[in-house]
Ligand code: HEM
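The data below hold one chain only, encoded as structure tokens and taken in the form predicted alone.
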Amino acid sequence: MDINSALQVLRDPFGLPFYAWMFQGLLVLTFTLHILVVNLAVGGIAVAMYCHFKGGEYRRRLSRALAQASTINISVAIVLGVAPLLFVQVIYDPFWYASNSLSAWWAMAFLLAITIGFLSLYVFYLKRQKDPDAWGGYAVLSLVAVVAAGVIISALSVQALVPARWLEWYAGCGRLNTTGTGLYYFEVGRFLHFMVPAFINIGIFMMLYAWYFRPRPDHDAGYLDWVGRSGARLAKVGLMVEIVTGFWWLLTLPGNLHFMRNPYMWAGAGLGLVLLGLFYRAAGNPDRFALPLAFLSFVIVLLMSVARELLRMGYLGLYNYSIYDYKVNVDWGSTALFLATFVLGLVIIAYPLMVVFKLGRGTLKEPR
């Protein structure tokens, strides 16, 4: 039996409840939102830890703020991470389940690492509220645990793309390896390509922080100026590093995928250069550029998410596998209910978000 035949057998015999393009589109969108919040969580923990150990009035104050924000970001990242994972399981089920079965212990370790990372961060945040000089080891533990979780999920994702090597990993030593303790494939360039932007996006977040609190008279203008300028510098350096790591990963990809011709990748790279130019201009006035930079960063990550999905299709196309060949049994009822719930949820959450935004900025008018 060839690889394509084996993959067809591993597919869900009931097929898809709706057309694959919808699940693929939602996968790209939800992954974009997920990785952005992951960047904010990882970058926030790293900067909070650095500022805590470095010391100084402004740094300690920023450390407390980012520690609090990061507890929220890591929670949102976990929730948003469920969505793209579910869509992957729907349209790429043979690959994801095979990879997780080969490294079952690591898949469980991922959940443990996320739990340790979140709890350690929360302890760090609570201790900082009571004692600014509290031990910072919890922040270190949180960052190590979250990065370890990223390494595991990145390895599982890459293992899923090379079904030609599954048999080698499962029975390559002359006996069946059913322990699930192996982690077989990891690409450093790919991992850094997704992790280095944590410093870009947390830098933009710091610029947004300065812009957001500017109207409030109880916030020191000097402190906000320092946060905004520091964020712009951090994001600029992070983007320079990202350009290097991005092209490093690009050059390690198999040539038969022809990814150098991908228009979405080059569009994202072009916008990245625009972003770099804006960071240089933002150094003098971070507040003015905070919102445009945040929007541009979202667009770039979205384009890179599209390119990532096309790259995955390219990998699987080497085995003549396409998600568009999946049997479809349209279930209009469940699909309509899902979409209606999704839209209604966005509408319902919009109002409290608007209220919280105005309340935190001190611009909410009291009722007469």
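In this text, residue numbers run from 1 along the sequence as written. The model shown is predicted, which means the values in this text are computed figures rather than measured ones.
A second form of this protein, the form predicted in complex with the ligand, is not displayed here; the remarks below concern that form.
Between the ligand and the residues Ile78, Val162, Leu234, Ala210, the one pair within 4.5 Å by heavy atoms in the predicted bound form involves Ile78.
Here is the short version: of Gly272, Gly246, Pro84, Gly136, the single residue with a heavy atom within 4.5 Å of the ligand in the predicted bound form is Pro84. Look at 234-242, 214-222, 150-158, 263-271: in the predicted bound form, residues with non-hydrogen atoms within 4.5 angstroms of the ligand sit in 150-158. Interface membership of Ala65, defined by any non-hydrogen atom within 4.5 Å of the ligand in the predicted bound form, is ruled out. The closest heavy atom approach of Ile202 to the ligand in the predicted bound form falls outside 4.5 Å. The ligand is not shown here, but in the predicted bound form it comes within 4.5 Å of a heavy atom of Arg308.
Proximity of Leu102 to the ligand in the predicted bound form: non-hydrogen atoms within 4.5 Å are absent; the residue sits far from the partner.
Looking at the ligand in the predicted bound form, residues Ile74, Phe194 and Arg312 each place a heavy atom within 4.5 Å of it. Taking the ligand as it sits in the predicted bound form, the stretch 38-71 comes within 4.5 angstroms of it through a non-hydrogen atom at Val38, Val42.
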